[in-house]
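The chain below stands alone and is given as structure tokens, in the form predicted alone.
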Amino acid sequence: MFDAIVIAKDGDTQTVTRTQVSPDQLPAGDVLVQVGYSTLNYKDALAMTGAAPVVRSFPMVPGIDFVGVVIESSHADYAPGDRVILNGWGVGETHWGGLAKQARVKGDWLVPLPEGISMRRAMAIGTAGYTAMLCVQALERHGVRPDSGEVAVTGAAGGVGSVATALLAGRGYHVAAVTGRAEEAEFLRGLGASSIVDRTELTGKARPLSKERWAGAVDVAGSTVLANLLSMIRYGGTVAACGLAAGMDLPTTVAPFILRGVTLAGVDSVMVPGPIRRAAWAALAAELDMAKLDALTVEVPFDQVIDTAPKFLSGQVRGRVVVPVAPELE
């Protein structure tokens, strides 16, 4: 038996408990992993609080990320002792996730832990950091360069936003960090932000077109925030959209697209093919400033996970949250 966070549902009543489960209860998969570290993300918070229908089957172990050591494997690419990362693939939603001492998953979902990254730092990066890299790569694929002009990052003090800010600054971009928390300005400048933008500038009703302001943007918010961003992007610019923290709707018009040639690039991190995942992780290992990563990372003990989850929804969480499950594996 081993410790796990388990979400259960009885009728309309959802419960979240720390409990003991058996390896026999784990779902099917060809690789069994001893989890070293997991994380807490916005999606995990939605799942544990029941604020959104993230979980598709019950009972469910949340945790969309984990890193650990292979215990058993019938997959050709992995053997006992290998260190592996998992992000996405519905883990924590339709398949038991990383907030448990063990996880059984499909080997095709795994990525080898890159050389030079510790387990703890791999989870400090996690889905949020990996998604941030996919967003940065999307901007560059669409021609947004450091000399194109300032790039906005919404939700800049959160998981994706903080890593995106650090990555973009590291590549020489001028970053406008958009946040609703003025007290985080010093933290964001420490990550490399060149300016701080109050979120209220992007929360009013969007005009079809506003004054051109940014060459591109990374958006985690959606809804009115994204609509305002699109109206302010310079001619030929791109917005990489990867989240819906402000809502799933998009109250905009076609004006930015047909009058300014703006591109809205959707960024998915859940179902990305293996080669793209490996490339993103290799880029993160090569260029992410680990001192900045450490500065935006906090640890939450396993026994405090349930109490911490609601804080995401009330905007009380900054940066990345790592959960040590079996840190002795490091």
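Numbers follow the displayed sequence, beginning with 1. All values derive from a computational prediction rather than experimental measurement.
Here the subject shifts to the form predicted together with a small molecule, a form of this protein not shown in this document.
This chain is displayed without the small molecule, yet in the predicted bound form the stretch 260-268 from 297-305, 31-39, 284-292, 260-268 comes within 4.5 Å of it by heavy atoms. Three-residue candidate spot Arg181, Ala221 and Ala246; every residue lies within 4.5 angstroms of the small molecule in the predicted bound form by at least one non-hydrogen atom. Remark: Val322 does not count among the residues lining the small molecule in the predicted bound form, judged by a heavy atom distance of 4.5 Å or less. Proximity of Asn87 to the small molecule in the predicted bound form falls outside the 4.5 Å heavy atom cutoff.
When contacts are judged by a 4.5 Å heavy atom cut-off, Val225 counts as touching the small molecule in the predicted bound form. Interface residue remark: Ala164 is not counted as part of the site for the small molecule in the predicted bound form, having no heavy atom within 4.5 Å. Distance criterion of 4.5 Å from any heavy atom to the small molecule in the predicted bound form singles out Arg199 from the list Arg234, Arg199, Arg104, His142.
Comment: the small molecule is not present in this chain, but in the predicted bound form one of Ala156, Ala193, Val151, Ala240 has a heavy atom within 4.5 Å of it, namely Ala156.
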